[in-house]
Every structure is written in C-alpha cells, then in structure tokens.
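Before any questions on how it binds or moves, here is one chain, the form predicted on its own, in structure tokens.
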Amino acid sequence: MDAIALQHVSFTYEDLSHAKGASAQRALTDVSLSVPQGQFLCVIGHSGGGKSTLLRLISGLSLPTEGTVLIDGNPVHGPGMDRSIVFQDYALFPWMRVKRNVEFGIEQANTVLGRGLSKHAIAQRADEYLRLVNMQDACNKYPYQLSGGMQQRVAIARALAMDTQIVLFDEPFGALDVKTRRSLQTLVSSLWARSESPKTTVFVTHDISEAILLADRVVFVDAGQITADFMVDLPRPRTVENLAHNAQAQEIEKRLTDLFYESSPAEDEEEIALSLDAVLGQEVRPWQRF
C-alpha cells in the first residue's frame, strides 16, 4: 500500500466565485499521484503552478474540490499526527523558547497517538533532535533571537522529532541565502538517510539543483497538472560538488530546465490567497496559523 495516494484530485479556490466581481481559481485539475513508503519525492515547477496546493491537500490543511487524498489507504479529512510539515516562514511559536517549541510538537503527537512518553522522555527527545540540527546551544533562546537559518533548523528538528510517518516541506529554504540553504539541504538529506526506515517525504521546491540533490523521484507540476514524473537514480550521499561532474545529474538538470522553459509561469498561489483576503476581508490561509 502506498503511503500517499491522490486519486483524480482537483482543487478550486471556490470562495472567489462568491465574491463580487471575482472568478474561481482552479489550482489543480484531475491529479493522480502515488508515493510509496520511504520515498523522497520532490515536487517542482513554476510559482503558482499548483505545488503548494498539492502539499496542502496532502497535509489536510485544504480539502479537494473533487477526488480523494489517501494516507495509508485512509481518506484525509484534515491535518493529522501521521504528517508533519515545515513551512518557508519557519512557523515557530514566538512566545516559546527553542526547546519548548520542539517539545510541544512531540507532546501533541504523544497525546494524539497515545505513545505514553514521560515528560523526561519528551525532553530527552527534544535535546536529541536539537543536537542533530546543531541547535543544542540555542535551546533556551526565543525564535526572535535566531537567524532565519537557525529558526529553520529548529522547525526541522520539531517536525522530525514528532516521528510522523510522513514529513512535508513547503519550499523551506526559499527565503535563505545560498550558504545557509546548502547547509540545510545537506542536513535534511543526511537526517532522512540515517533512519533505518526513511520517512516518506514530499518536498516542494522551484530549485532544480535542490531537487536533484534531495530526490528519489521528481514530479513537475505545471498549470495545475503533473506534466512529468521520473526517478532520480543517483547514488547517495550526494553533494553539489560530486553532482556537478555527474553526467546523469547533468542530463536530469537539462530535462528539468527544458520543462521550465516549455511551460509558462502562472499567477502565484500566494498572490491568489492574498487576493482572497482582500476580496473577502478575512484570513483564508489557515496553514499560516500553524
């Protein structure tokens, strides 16, 4: 059984159709996708092509207009503790110290899934994952005291410490400088590979080199549909340096570059969401309140 399955899924920003002078925005059209357990899938494409919408449907933060999203064969009706997510804007609780942010995620999973972890065990687990992302020395700091890269390390620690079956990343490094982005790409890849049973991972990006560095498989999303789907059969561990001289990696890069040039950028999904806010006069992006 696949860890994730989308069956003929479509999604439309229906709220726009109810607003004066606005038309509905179709973000995905008849998308079917299966992701096996333990696969690292990168979803790539232009901004506004439907990548983030696809991820929100898998996370349960949005529900499909048509079709079905399944996790381990069960329909998705909303967010669940079988999935954790890392956003581009870090999404740490500003009133909580670093360690407390990580502990909170573990506690939620512990309560919902009935794992029976003690407070001491939860604290130890938080310490372990902060060490893995090299943030143990910042455990008593608040998010505002950290750089963007440091905050994202904490967000990654929290997501992985929850020990969910599925980990979702929504362009988590898009706002970071090149050096920090490379460091966190290596971190995510190493943490995924170190597990005896790797987590099923869906990673949204528009960065071609990032997709080649991380993915077992790449799907290209354009204008709300999957237009390409192929495996990245490159040995691990991977680095930017060794991929630069790998003929197969260069061929994959050319294929993805061609896909970008053959397709057209769409209206940015974030701009669509902002336009909904403006038209309706209310917040319609619940994933930003995570």
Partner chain sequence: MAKVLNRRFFLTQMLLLALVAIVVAMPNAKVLSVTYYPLLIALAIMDIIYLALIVAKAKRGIESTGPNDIIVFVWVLIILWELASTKLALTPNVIVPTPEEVFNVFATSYDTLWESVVSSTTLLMVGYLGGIFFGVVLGIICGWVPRLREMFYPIANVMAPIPPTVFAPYLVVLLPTFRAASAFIILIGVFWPQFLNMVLRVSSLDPKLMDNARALCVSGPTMVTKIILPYVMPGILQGLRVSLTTAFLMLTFAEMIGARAGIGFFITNANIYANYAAVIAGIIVCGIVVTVLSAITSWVQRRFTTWR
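In this text, all values refer to a predicted model and were calculated from it rather than measured experimentally. Numbering follows the first chain given and starts at 1.
From this point on, the text means the form predicted together with its partner chain, which you will not see here.
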Does its partner chain come within 4.5 Å of any heavy atom of residue 121 in the predicted complex?
no
Using a 4.5 Å heavy atom cut-off, state whether residue 162 contacts its partner chain in the predicted complex.
yes
At 4.5 Å between heavy atoms, is residue 172 in contact with its partner chain in the predicted complex?
no
Verify the contact flag for residue 232: yes if a non-hydrogen atom of it lies within 4.5 Å of a non-hydrogen atom of its partner chain in the predicted complex, no if not.
no
Using heavy atoms only and a 4.5 Å cut-off, determine which of 167, 91, 135, 204 is in contact with its partner chain in the predicted complex.
91
Output flag, 96, 104 and 112 jointly within 4.5 Å of its partner chain in the predicted complex, heavy atom basis
yes
Based on heavy atom distances of at most 4.5 Å to its partner chain in the predicted complex, which listed stretch, 186-194, 124-132, 154-162, 68-76, is the contact stretch?
154-162
Quick one: name the residues from 47-64 with any non-hydrogen atom within 4.5 angstroms of its partner chain in the predicted complex.
56, 60, 61
